[in-house]
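First, one chain by itself: the form predicted alone, in structure tokens.
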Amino acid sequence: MFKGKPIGKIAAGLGALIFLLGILAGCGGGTKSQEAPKQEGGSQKKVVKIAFIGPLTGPNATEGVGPRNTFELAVNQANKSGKLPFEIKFLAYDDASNPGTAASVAQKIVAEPDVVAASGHWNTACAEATIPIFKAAGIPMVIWGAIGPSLTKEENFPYITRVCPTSVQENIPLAAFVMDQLGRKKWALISSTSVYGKANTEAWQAEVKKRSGAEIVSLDEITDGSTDFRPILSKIKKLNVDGLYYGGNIMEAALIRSQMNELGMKDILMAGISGIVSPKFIEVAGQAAEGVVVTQPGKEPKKMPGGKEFIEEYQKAGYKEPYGAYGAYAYDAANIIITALKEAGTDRKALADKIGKIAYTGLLGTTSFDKTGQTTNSLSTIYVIQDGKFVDWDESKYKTGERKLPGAK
């Protein structure tokens, strides 16, 4: 193979070539970017990893991408501050709103070296699928958007906590507003057969039972992915109801509202909780969305302490997508984990204990957890869709009487 070439000269030539290639490689940006960050004095910082999980593709992607961005923003801000004794590496995973995908993703996360915590999901069923995986691995997970009441349990605390209110906590102020303040008593209820939908059905039924004269005269369940609700709506149209409550997610809700208008039901008030609070709902429902009443946990970030700075930093970071209805929750979830890391270090057990005992003041106000891991902060806001936007009821033309809600007398 090396006929006519002395072996010593060949070895020397190869050595020189390797040395030269090493120098050239060192001149590129790729090698440098893989090095661990250095602390003062030149020593390298330890790298720890935090994982985010949510729907980044599919029909609910609008509910996951914004929160992913805000979670990443919090991590980047913490790293940039220079106040951490370690560097945080942000990992983002797509659960596609599918429990099987969520479980598969969770298995990948717990197998990833140096992961100390995770935060997920938007869908209750996805959270149900991953909670046992994270708990078994001893990795704390802070839920940022899934609201099924059963997700937080004493036996899973402190490894599983949640920064957003439950569906029960969300339905209470909505029921008080539409039944007590607006006087709507006669209801049709449509709900998805999902865990999330069933939780909403139970919560709304409980609120109706609390009120004298209130009743549910029609109850129908639909499967997620359904598109034609005209048979159900035609039945409801004959019942002369004061309102239609929908307990499910965006696409089905938007189609229901659109088809209500097609069937001449535009004078029936539609109400729902945060599962339908998305620009996608307005996009799909079109003009039919006008006057729909919803509740959303928390307040608009611009009205919260630090909210103005948060919005400015989000825009400055160059994210193209809106931060979304749950962006503030993901942002605070990330900062709760980061704050606990500062105080407890990277040991997972110590970190979980610190998260469980935390009282963190951020965009949502002060978040702390009860013995089940559920947030004690259940602040919420009533919104009405006005001119293609979700508008705080107190700032709306409906509140002043300039416009009337569907069915108002």
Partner chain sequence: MELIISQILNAVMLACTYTLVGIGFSLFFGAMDIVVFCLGDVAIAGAFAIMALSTVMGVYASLSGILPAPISGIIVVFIGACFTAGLVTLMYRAVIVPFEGKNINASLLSTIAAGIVIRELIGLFYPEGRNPHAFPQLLPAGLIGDNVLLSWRNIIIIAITFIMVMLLYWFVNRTKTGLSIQAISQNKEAAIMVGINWHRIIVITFLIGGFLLGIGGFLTASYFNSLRFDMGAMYGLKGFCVAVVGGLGSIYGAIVGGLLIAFVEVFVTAFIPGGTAYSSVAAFLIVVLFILFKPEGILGEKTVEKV
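Numbering follows the first chain given and starts at 1. Bear in mind that the values here come from a model prediction, so they are computed numbers and not experimental data.
Heads up, the form predicted in complex with its partner chain isn't pictured, but that's what we're talking about next.
Undergrad: Within 4.5 Å, heavy atoms only, which of 258, 218, 156, 205 is in contact with its partner chain in the model of the complex?
TA: Of the listed residues, the single hit is 258.
Undergrad: Tell me, which of 225, 138, 306, 183 has a heavy atom within 4.5 angstroms of its partner chain in the model of the complex?
TA: Checking each option against its partner chain in the model of the complex, the one that comes within 4.5 Å is 225.
Undergrad: Is residue 312 part of the interface with its partner chain in the model of the complex - any heavy atom within 4.5 Å?
TA: Heavy-atom contact with its partner chain at 4.5 Å: absent for residue 312.
Undergrad: Using 4.5 Å between non-hydrogen atoms, is residue 89 touching its partner chain in the model of the complex?
TA: Answer no; every heavy atom of residue 89 is more than 4.5 Å from its partner chain in the model of the complex.
Undergrad: Can you tell me whether residue 377 touches its partner chain? I mean in the model of the complex, with a 4.5 angstroms heavy atom cut-off.
TA: Taking the distances in the model of the complex, the answer for residue 377 is no, it never comes within 4.5 Å of its partner chain.
Undergrad: Residue-level question: is residue 317 within 4.5 Å of its partner chain in the model of the complex, judged on heavy atoms?
TA: Answer no; every heavy atom of residue 317 is more than 4.5 Å from its partner chain in the model of the complex.
Undergrad: Which among 330-338, 171-179, 230-238, 75-83 is in contact with its partner chain in the model of the complex, heavy atoms within 4.5 angstroms?
TA: After filtering at 4.5 Å, what remains is 230-238.
Undergrad: Report whether all of 62, 251 and 262 sit within 4.5 Å of its partner chain in the model of the complex, measuring from non-hydrogen atoms.
TA: Heavy-atom distance to its partner chain in the model of the complex: all three under 4.5 Å.
Undergrad: Let me know which residues along 370-396 have a heavy atom within 4.5 Å of its partner chain in the model of the complex, or say none if there are none.
TA: Nothing in the stretch sits within 4.5 Å of the partner.
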